[in-house]
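Given as C-alpha cells, the chain that follows is alone and in the form predicted alone.
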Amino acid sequence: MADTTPQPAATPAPTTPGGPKSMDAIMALCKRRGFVFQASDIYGGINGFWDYGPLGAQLKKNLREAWWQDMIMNPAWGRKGPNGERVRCVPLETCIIQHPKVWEASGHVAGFNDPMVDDKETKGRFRADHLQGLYQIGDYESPLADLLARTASTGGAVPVCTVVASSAGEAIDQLLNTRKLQKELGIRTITSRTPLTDSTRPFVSVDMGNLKADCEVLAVPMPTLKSRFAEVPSPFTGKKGVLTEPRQFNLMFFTYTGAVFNEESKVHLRPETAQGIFVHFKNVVDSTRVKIPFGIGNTGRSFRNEVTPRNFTFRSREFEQAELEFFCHPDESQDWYRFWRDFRMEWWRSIGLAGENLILREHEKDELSHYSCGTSDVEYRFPFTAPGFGELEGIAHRGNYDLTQHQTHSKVKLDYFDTTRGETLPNGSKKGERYIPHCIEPAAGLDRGALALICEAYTVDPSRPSPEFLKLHPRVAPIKAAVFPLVDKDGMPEVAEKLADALFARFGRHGFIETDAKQSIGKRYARMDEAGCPYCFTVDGDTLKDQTVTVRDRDTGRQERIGLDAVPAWLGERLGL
C-alpha cells in the first residue's frame, strides 16, 4: 500500500483578511493552478515527495535564477566586501552520488544518525530525542499549546513534559537554558518553580505569548531509554508501554553502483550539496584565476530520509538547495560572516518576503555545531509554524573544518598559498602565507523559499470577484503578463496576438506571457490573479480607434490606458528587465 500524505479538503475555507492564513486553502490553490502536485498522485501519492506543475516549476526556476544571478554572476549586487574589493564567486555543478569516503570525511556516516522509536500499535516512527515534545494531562496527549489551553477545564491539572535528560535537574536546566529546545516547543519564556535537585519532579512556568501556565517535567535519560522506554507515552496515542527500544537510523538514502550489490558497491544519495564544493576546492583554484577571498556556488537536489516528512514541501525527502561556500582568510572570516548574514536577509526581502514574517536569528552557543564559529538563520513565519518561525536559510561560519577533514581523509593538500600576505620582501613583494581557508556558508532551501513566497503572497480580499490571489513579486512571478482581447471578434484577437508575440520576444525567457479569448474578462482576470500574474493588458474597441490598451494591476485592481506601442517598455520598467 502506498505511503500517502493526507490531502486538503476539496473546498477549504479561505483566510479572512488580517487573520491567520489557511494552509489547506494555500495547498488547494497550489494544486488548482498548477504550482505543486503530490508525487505519483494518480497512485495515491508517496509521502515526502512533491512535484511542481507548470507554474510552480517556473516559479522555482525564477527563484533559482535570482539566486544564481545575485550570488554567483553578480554576487551581492556588485557590492564591495569587507576587504574593499568587489565580491567574486564562481559556479560549480556536482554529482548527486559522490565517493563513499566523502561522507565519512564530512561526518555524515557517523553523525547523521538519529535514535528512532516505533509505536507498535500505530506503526508510527519518530526520533527518540523528540520525546521532549510529549505532553500529557492524564491520558490526554497533545502539543503543549493545546494542553495549556485545556488546563483551565481539567480541574487544575497541569501538563507533564517528558524531557530526555539524565536527571530531573538536568531536564529543567535544558528547558531553561536551551533556546533551540524552547523554540521547538513554542516557548517564549520559561522559569523554574522548584529547586533543581535530582529528587524533585520540577515544575516550570511557561509563557507561549497568548498562553501562560505551569507544566510538570519528567526526565528520562537517553542512556536509560532502553530500560525506561515503557514509561514514555506514545506521541500518536498517548498510551504507555507501546514504544519499541530506541535504535539508530541513518538519514541518508543509499543505492548501489555497478552490477554487484554488496557493501563495496554501496553509495549514498547526497544529503547536501556543500561537500561537492569542498572536494573540488583545489581543482577550482588550480583551473581558474580566482583568488582568496572568493566563493563557489552550487544548486541541486539533495535527499534525506526524513522519518516524518510534513508541512507540505517544507520538510521533504527530496529537495533542492542553493549553497555558496565562501573561502577567506581566518582573520577576515568574522567580517565576511556578518557580510553574508546581512546580505542574505536583505536579499529575501528584495524578492517579496519583507515584513514581520521574516526574521534573522543568531544561534545561541548551545545550538552551534562543534566546529561552528557562528550561525544565523533566516526564518519565516509559515502558517503551520505560527506564531513561531521555520528555517528558510542558514548562514554558517564553518571555520576550516570541512577542508581540514577532506585533507586528512584524502591525503591531498587543500591549503592555499596566499601571495598577498606575509612580510614584505626588499623588492616590495610579499613573502606569502600558506593556510587552510575559513568558510562562510549561506545555504538556502529553494523548495522552502518557493513555499515561503507562495505563503507570503497568498491574499484574501472578499470584496474582489475572486477573493483569493497571489501577490508574487514580479521577479519571481511565473506569468509575467497576460494579453486579452475583450471579445473574440472585430479584429481584437489579432491585435492581442501581435502584442503577446512582442512581449514574448522580449520577456519570454523570464516567464510565461499568457493570452486567452475565452470566458468573461472578469473570470480571465481572476484566473491570472490566482496565478500571481502582476499585469494584464486588454485590447478593446478603443484600441482599434486610438491604439491604446487597458492595463490592470493585480494587487490594486486599478486600470489605466497606455499606448499600444508603449507596452513593452512600460512592462520592462516594472519587471526590472
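Residues carry their position along the shown sequence, with the first being 1. Being a predicted model, the structure only gives us computed values, none of them experimental.
The same protein also has a form predicted in complex with glycyl-adenosine-5'-phosphate, omitted here; what follows describes it.
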If contact means any heavy atom within 4.5 Å, which of 259-267, 499-507, 298-306, 427-435 contacts glycyl-adenosine-5'-phosphate in the predicted bound form? 298-306
4.5 angstroms heavy atom contact with glycyl-adenosine-5'-phosphate in the predicted bound form for R188: no
Under a 4.5 Å heavy atom criterion, is E272 part of the interface with glycyl-adenosine-5'-phosphate in the predicted bound form? yes
Is P493 close to glycyl-adenosine-5'-phosphate in the predicted bound form, meaning a heavy atom pair under 4.5 Å apart or at it? no
E468, heavy atom within 4.5 angstroms of glycyl-adenosine-5'-phosphate in the predicted bound form: no
Picking from R315, K239, K291, R464, the single residue whose non-hydrogen atoms come within 4.5 angstroms of glycyl-adenosine-5'-phosphate in the predicted bound form is R315
Name the residue from H406, H397, R475, R448 that puts a heavy atom within 4.5 Å of glycyl-adenosine-5'-phosphate in the predicted bound form. R448
Even though the chain is shown alone, can you say which residues of 387-410 have a heavy atom within 4.5 Å of glycyl-adenosine-5'-phosphate in the predicted bound form? E391, L392, E393, G394
